[in-house]
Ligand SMILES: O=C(O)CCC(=O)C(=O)O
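A single chain comes next, written as structure tokens; it is the form predicted alone.
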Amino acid sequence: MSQRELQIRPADTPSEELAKILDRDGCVVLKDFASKAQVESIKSDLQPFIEATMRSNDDFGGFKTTRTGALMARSPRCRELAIDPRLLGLVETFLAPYANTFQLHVTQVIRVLPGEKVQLPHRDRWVWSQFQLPPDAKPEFNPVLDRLMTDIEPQLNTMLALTDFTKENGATRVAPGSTKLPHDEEPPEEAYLSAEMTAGSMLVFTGSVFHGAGANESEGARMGLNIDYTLGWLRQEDNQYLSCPPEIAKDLDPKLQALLGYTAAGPSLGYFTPPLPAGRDLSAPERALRRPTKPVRLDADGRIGFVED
């Protein structure tokens, strides 16, 4: 495949136009999606968590890269971003052929530190192909799942630049037009472009486009806010029920609660049964946000009961 230009559009470009670009190229940059004040507020919310985050411990993740998650629990500004009408409109437009409901898939800040090498190019949809990736080995796919993933687009990803993204500091490398390649064919090196953009701009890309973090050859960290959306009937990569449990989620915007998974996808996907009290079997997920605060425990015989005061 030959190199294609990385398209750049204003942040208020209609969803239908952006969806056409994504269908063709798998990626697009939205210029100045967030203001400088919004970027600084997000960084202020998350800086203590970012500084405390350990570096990745594998070659794929990057030994000089940190990934800070649980953003919906930790940051009011990230919650606002996740339900921004511009993003939700694009998610619904682009992913509409594959599902009726959508959910958050991953929320994290990716910080690429000086000295990090280039990341292995990959497709994010591989997470559902059950592949194993030991160091220096090519992915080994479940062939049935991988074939299924070629027929649908399972996700839409966003990367908001919290610092300027440059080729020197490890801007995301993306290969526009690589979405239709078979899994055993990789784009040539010349197909990759660095998604250079100023802080506040956003790279939007699909689960099928080849991409990866660039090498950071600068003296400063490159930080991006990664919020991904997926189809309501697929398992989330970031387990949102644990990252943002009911005691936190109960106070959030209902639109965000639904994106986290506290609503049914279709007629019955996602129901649950509260262990106590008895009689509330097959409950809607929303009930988890109204559960009694009295804790439960297992007794010595393994039976469940309320913890008595």
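In this text, residue numbers run from 1 along the sequence as written. This one's a predicted model, so the numbers in the text were calculated from it and none came from an experiment.
Here the subject shifts to the form predicted together with this ligand, a form of this protein not shown in this document.
With the partner omitted here, the residue from 149, 78, 162, 110 that has a non-hydrogen atom within 4.5 angstroms of this ligand in the predicted complex is 110.
Of the residues 183, 117, 122, 86, just one reaches this ligand in the predicted complex with a heavy atom at 4.5 Å or closer; this is 122. You can rule out all but one of 204-212, 97-105, 141-149, 78-86: in the predicted complex, only 204-212 has residues with a heavy atom within 4.5 Å of this ligand. Proximity of residue 172 to this ligand in the predicted complex: non-hydrogen atoms within 4.5 Å are present.
A residue is said to contact a partner when one of its heavy atoms sits within 4.5 Å of a partner heavy atom; residue 63 fails this definition for this ligand in the predicted complex, lying far away. Although the partner is absent here, residue 255 sits far enough away that none of its heavy atoms falls within 4.5 Å of this ligand in the predicted complex. When contacts are judged by a 4.5 Å heavy atom cut-off, residue 67 counts as touching this ligand in the predicted complex.
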